[in-house]
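One chain follows as structure tokens, the form predicted alone.
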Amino acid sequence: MDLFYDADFSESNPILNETESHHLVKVLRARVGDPVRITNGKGDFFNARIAEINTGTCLLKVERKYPEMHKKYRLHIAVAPTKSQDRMEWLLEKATEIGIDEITPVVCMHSERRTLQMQRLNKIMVAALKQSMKATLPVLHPISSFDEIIRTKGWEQKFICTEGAGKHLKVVSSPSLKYLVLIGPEGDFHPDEVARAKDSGFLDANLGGNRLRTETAALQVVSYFSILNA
């Protein structure tokens, strides 16, 4: 069964938005009484049936609400935007599928891009959410400066991934925690940035001997923490 997404859907507001209603009725040819599975991206699934088909929207009758399987860790990736937005889109799509909680594009001293089409990125994440049958849409924060990110509070382990670090991420990380991980641009972080991050409580870590593209490094981090906390 397809998964539908509507950020405003709830038991007290069981109306499917116009975009998803169009797909349900016009593309899938659904009718009154047919089952529908919905999420509002806040961690819950809804099993419902079509009660009414109206102009532009569908009224649903919720039969069951249940939470997504609990994830025992939380991951926030702060990543320098890639030179090509296409590669950033690919990263957000795959990170959403694997499992990530927050993403912040961060401008660094060596950054090649300082703007992004945020609305398009959100749409890609919603599509990935639906494809992977998840109920929690990651939070995509506005572009931030490096200094703003390193002042972020509330994360139990904070890492800055850089080629010059002496220890691998797997050596310095522990399971079942809240992680904030910094991923730099193609030219890596400036040494001054690494020093400022470490002064702010970040541990420096490497991702192995290979030189990775930004989006590859970020996705490797997402995959690593998914496996660590499996």
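Just count from 1 along the sequence shown to find any residue number. Source: prediction; values computed, not measured.
Note that the form predicted in complex with another copy of the chain isn't included here; everything after this is about it.
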property: Single option in Lys170, Arg31, Lys61, Arg64 placed near another copy of the chain in the predicted bound form, where near means a heavy atom within 4.5 Å; result: Lys170
property: Complete contact of Tyr5, His22 and Val25 with another copy of the chain in the predicted bound form (any heavy atom, 4.5 Å); result: no
property: Proximity to another copy of the chain in the predicted bound form (heavy atom, within 4.5 Å), stretch among 141 to 149, 154 to 162, 109 to 117, 85 to 93; result: 85 to 93
property: Distance check, Leu212 to another copy of the chain in the predicted bound form, heavy atom within 4.5 Å; result: yes
property: 4.5 Å heavy atom contact, His76 to another copy of the chain in the predicted bound form; result: no
property: Thr216, heavy atom within 4.5 angstroms of another copy of the chain in the predicted bound form; result: yes
property: Heavy atom of Ser132 within 4.5 Å of another copy of the chain in the predicted bound form; result: yes
